[in-house]
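This document starts with one chain, in the form predicted alone, laid out as structure tokens.
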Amino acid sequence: MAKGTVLVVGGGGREHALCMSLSRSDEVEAVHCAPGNAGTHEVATNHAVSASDVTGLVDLARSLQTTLVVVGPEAPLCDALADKLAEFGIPCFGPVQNLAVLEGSKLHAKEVMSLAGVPTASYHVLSNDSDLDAALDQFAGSPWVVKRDVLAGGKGVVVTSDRDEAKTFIESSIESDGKVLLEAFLEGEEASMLVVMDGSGFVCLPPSQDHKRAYDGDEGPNTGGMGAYCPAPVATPEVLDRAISEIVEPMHRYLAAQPVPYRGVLYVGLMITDEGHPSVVEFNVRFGDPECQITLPLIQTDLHQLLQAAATDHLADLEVNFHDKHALTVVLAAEGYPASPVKGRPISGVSVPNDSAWVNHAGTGLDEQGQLVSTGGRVLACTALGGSLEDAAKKAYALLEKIELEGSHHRTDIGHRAL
């Protein structure tokens, strides 16, 4: 069988993880990335096409005679990248536009969950005509959860016990978006499930848990994620059984029955109560970042085989196996992150990767002299595999200690809930 040519869309840590795994596949002739970063440059061919340039990405995929496009971020999917690739017969790992709305609109996701009978928090849709104080009163006694109904790059949610802060965010969101969601606060512990699915079936990847807050002890502002580990022990076999029967199976039935079935990965953000009841906090229509970095290494099956099968509705024909190991990643962030990260600083001390520990590049590039420099807020993620979570953590932090980036910061307690 002829080997494939894969185009990975995006330029962060998730995309570097995808390029690394795909470059090891016996089924892959060449891996390309658009736009990529300094890490993807080492394992793939980078192309200066923005992840938001859908027309440019389709033209690139055609010129490369791509046999599979793997989409990292959500925005190009919401802008119909998968639909436009389909017009030229190019398989895409990532859903078509009307299914990508599961992430593009929080309200749409709630309506789909209601149709499918999936457990989630109760909510109000607030607009200019709404009685904001009455709605806030109804959910008083717990932190208020306010969600913008737009693609906000992970920054469209405020969870606060400060009524004035909640009301101000509601008012500004209504002014900018026309409406906003106010949700009941769900008590419990969060976990993430990544579910690869197509029209024929689905495969649940090992559950993970990430750390959103910037500082140790889950303090400080929310971020895109400061680290993660997998598998997450809070997602016990009993919890997973319930999540599959009450959430994944009904969602797959709904998504597989659409005119074009869902083909890609559905990120299920779970809240798990002390009694072990899972419900949905959010859906994303792509791999999480940094969850992707610690989930892919646990997949024993050839990654290209898995993603190609899902992109072409052959997932039910594939047996997917996993390594009995633990993975952990810790993010090195730039000075000022998440508010206003300082960019352009030199980076040194990045170790040569081995089979059990490596560095995923996120916000990195090369300057005119070929020096590795920071280009974003989350700069690097030090990732490791181990026979135990403690082992993986030890290896990941050992990698991080060798890296020098002026003003950078990281959490020292990734995995603390399990450790």
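All residue numbers refer to positions in the sequence shown, first residue = 1. Everything quoted here is computed from the prediction, not taken from an experiment.
This protein has a second form, the form predicted in complex with adenosine monophosphate (AMP), left out of what is shown; the following refers to that one.
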Exercise: residue 79 in contact with adenosine monophosphate (AMP) in the predicted bound form, heavy atom 4.5 Å: no
Given that the partner is absent here, does residue 212 sit within 4.5 Å of adenosine monophosphate (AMP) in the predicted bound form, heavy atoms only? yes
Can you work out whether residue 298 and adenosine monophosphate (AMP) are in contact in the predicted bound form, taking contact to mean some heavy atom pair no more than 4.5 Å apart? no
Indicate whether residue 246 is a 4.5 Å heavy atom neighbour of adenosine monophosphate (AMP) in the predicted bound form. no
Heavy atoms, 4.5 Å, adenosine monophosphate (AMP) in the predicted bound form: which of 80 to 88, 178 to 186, 237 to 245, 307 to 315 makes the cut? Say which one. 178 to 186
State the residue from 281, 136, 347, 151 whose non-hydrogen atoms include one within 4.5 Å of adenosine monophosphate (AMP) in the predicted bound form. 281
Sole residue of 256, 75, 132, 145 within 4.5 Å of adenosine monophosphate (AMP) in the predicted bound form, by heavy atom: 145
Scan 395 to 419 and write down, in order along the chain, each residue with a heavy atom lying within 4.5 Å of adenosine monophosphate (AMP) in the predicted bound form. none
